[in-house]
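Encoded as structure tokens, the following chain is the form predicted alone, with no partner shown.
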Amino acid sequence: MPPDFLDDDAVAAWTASGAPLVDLLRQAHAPGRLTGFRRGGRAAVLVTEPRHVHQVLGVGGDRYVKRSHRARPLLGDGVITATGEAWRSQRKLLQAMFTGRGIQHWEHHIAGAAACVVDRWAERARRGAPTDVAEDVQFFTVDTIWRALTDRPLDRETYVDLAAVQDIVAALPADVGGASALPPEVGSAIAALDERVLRALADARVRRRRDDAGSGSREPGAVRAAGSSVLDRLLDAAETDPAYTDRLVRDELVTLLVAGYESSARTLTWAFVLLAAHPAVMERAAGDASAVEAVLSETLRLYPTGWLLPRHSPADETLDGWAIPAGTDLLVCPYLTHRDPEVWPDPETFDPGRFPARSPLPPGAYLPFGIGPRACLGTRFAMREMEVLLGALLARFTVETTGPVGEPVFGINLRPAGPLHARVRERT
């Protein structure tokens, strides 16, 4: 049988209202049923039931594909937007750097970037000056991923160019049916970002030539010792794989930059929003690593930055008995899945005590980093950097917000609007 679709008049009214996409998804959402809507002659099916999520992203990962990635104007052919054999090859190269023991290679970068924020908060606390928590955690996440990418700490000038990514991401459409034209200023921001990344690429090549000259030329066919940064490893790959042109190296670096700082920065900001509203939870998490991890897990449940994961069915499919005709878009929505009262009692309440889960969760019920073959390969990196910074800050400081907290903005990611002004105090 076909999914239940919203009345066309309801979709037209939503379109005319200018409301965010999440409002239409809430209208279409009906627990226990597969529902959807039609726009511009295209059918879109909303996927929120855990078993359906598992079938689309997990076991159906090869059948339900990415039709046209919303971030392609920014990411190019990086690992997130790549498909087929190109994606498999790119993911294989990067996976070893961000999984298993590979994550240990970045510990000193995470610690160095976290120490900078701790020092900044200590200075703010001494002066009794307010701080913008959203800006502080963003600087940390950009610094961390830039150190991993280039083996160099972040300077303020570079940060300004790299942080413009947030404006580019904010201009991208929320789903595959959104507008494709980007504002002119976005093109300028992408050009500045490209210049910064390509400069880092050129600098890395100069260092490699200098190192080769200092150690003596390599024999023809000799293997270079593995580089210490992600950029070095991509350049190593370029020496043997012609697919790794300067453009692809740029695309991979920008992809890792965006994935490595946007999601983590937003999650840390949401964590402080929630903790400021629940000071008792903040106190319990001070100096308790397991409590910090639970806070982050619950934050990701309520505010998964990847709140919408579009897929496409190129062929006729059947999903749990529901007919999915070829050409249908499927909108997997972790934001609504994470608010399923059948899985998460009292789902709107911030309760880190849900984690670790006392019993195994249904497959597809919790997916802040996606699931299946296209799940985020940087999950462990992101969790580790967030745990280190949040743990270090909560152990030493208390945080009290001093201004209103922005409403959620449901763009290509889920972020709070505006800054997060707060006063930080040293614990006594």
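Note that residue numbering follows the sequence shown and begins at 1. Predicted model, so just to flag it, every value in this text is computed and none were measured.
Absent from the display: the form predicted in complex with protoporphyrin IX containing FE (HEM). The rest refers to it.
Stretch-level contact check against protoporphyrin IX containing FE (HEM) in the predicted complex with heavy atoms at 4.5 Å: of 120 to 128, 303 to 311, 155 to 163, 353 to 361, the positive one is 303 to 311.
The partner is absent here, but in the predicted complex a heavy atom of 98, alone among 272, 335, 98, 146, sits within 4.5 Å of protoporphyrin IX containing FE (HEM).
The single contact residue among 395, 399, 376, 43, judged by any heavy atom lying within 4.5 Å of protoporphyrin IX containing FE (HEM) in the predicted complex, is 376.
Contact check for residue 368: a non-hydrogen atom falls within 4.5 Å of protoporphyrin IX containing FE (HEM) in the predicted complex. Among heavy atoms of residue 382, some come within 4.5 Å of protoporphyrin IX containing FE (HEM) in the predicted complex. Proximity of residue 256 to protoporphyrin IX containing FE (HEM) in the predicted complex falls within the 4.5 Å heavy atom cutoff. A residue is said to contact a partner when one of its heavy atoms sits within 4.5 Å of a partner heavy atom; residue 328 fails this definition for protoporphyrin IX containing FE (HEM) in the predicted complex, lying far away.
Contact here is defined as any heavy atom lying within 4.5 Å of protoporphyrin IX containing FE (HEM) in the predicted complex, and by that definition not a single one of 299, 414 and 423 is a contact residue. In the predicted complex, the residues of 84 to 100 lying within 4.5 Å of protoporphyrin IX containing FE (HEM) by at least one heavy atom are, in order, 87, 91, 98.
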